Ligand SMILES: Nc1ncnc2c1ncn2[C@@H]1O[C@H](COP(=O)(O)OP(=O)(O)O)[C@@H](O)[C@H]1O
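Just the one chain here, laid out as structure tokens, in the form predicted alone.
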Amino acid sequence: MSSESHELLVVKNLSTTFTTMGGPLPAVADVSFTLARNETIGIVGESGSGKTVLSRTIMGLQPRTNVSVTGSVLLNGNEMVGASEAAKRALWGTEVAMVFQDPMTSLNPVMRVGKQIDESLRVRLGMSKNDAKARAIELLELVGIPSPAQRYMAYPGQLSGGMRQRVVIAIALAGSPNLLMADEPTTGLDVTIQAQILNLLDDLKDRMKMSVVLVTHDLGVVATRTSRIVVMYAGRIVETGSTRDVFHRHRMPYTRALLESSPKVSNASHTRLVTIPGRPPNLLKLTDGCSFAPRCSFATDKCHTQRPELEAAGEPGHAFACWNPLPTTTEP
């Protein structure tokens, strides 16, 4: 079943809990958001905030055992939560695809890159061997790899990190998916190559009319490439809104801490980065209060005992979860 509604992805009250030796670990807790067709949103947060588990849960890539998933993920009208492996496999590659953080863990090091694209085309789309090879070379050219016919025969280890990531993107695009999940797609690449990969994703999104979920710890990555941002902490959404509102009218202290810890081009060379005090929470030992309270200079007793829920911030679609929000600021 598919839907032609404005919303391609509808995530509602989604929770992912792992069973561990230490007890239940709520990696994602009661997350809700929507994604329109041809829209790009950013999911941001520190390591351990739940953003990668969220993206994998949306894809239906969670482990088969020791995990409980509740809530709903409607992808183009198809329910992913509770779907059979066969139903999810029918959607992977054609409705949704993922670009993972490290291309060397996504690519088979002893298989030529062209054959790895071929495999996706033949399995997902049922192409013949010759048609799959021709299309694979087209995809290599599409993602900006020079001499694509020659690169088709290369092994992953013969390519640079940026080239390997382009191959991973080519594999993800092989089935012309409606939604592309990009999980830290520029980690480990130098700044120039990062910009090239992000520009490529922007260009491909427009050319292929896809929606994109950009998962990252770096707010600078999503600053000019997303229409909306979802800020996560300890498995929950703590602020969400348009990119402009989150950057310039943020209310949650954690959002400000993320912004202040991001490197800035305007800083002098060798400027020491600002760090967020304290450590991320232990998800096995969460309290009833705000998870950020132990690290927050604005926290009061109420913050340590009662968890705030998301509330509207005034601007359409902008919401935050904080008992002592930052004052509204005038946009520069």
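Please read all numbers here as calculations on a predicted model, not as lab measurements. In case it trips you up, residue 1 is the first one in the sequence shown, and so on.
Another form, the form predicted together with the named molecule, is not on view; read the next lines as being about it.
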| property | result |
| --- | --- |
| The named molecule: the contacting residue among M59, I276, L283, L35 in the model of the complex [heavy atom, 4.5 Å] | L283 |
| Contacting member of V10, A319, L14, L25, with respect to the named molecule in the model of the complex [4.5 Å, heavy atom] | L25 |
| Contact test in the model of the complex: T40 vs the named molecule, heavy atoms, 4.5 Å | no |
| Partner contact for V53 in the model of the complex: the named molecule, 4.5 angstroms, heavy atom | yes |
| Heavy atom contacts to the named molecule in the model of the complex at 4.5 Å, residues of 19 to 51 in sequence order | T20, L25, A27, E46, S47, G48, S49, G50, K51 |
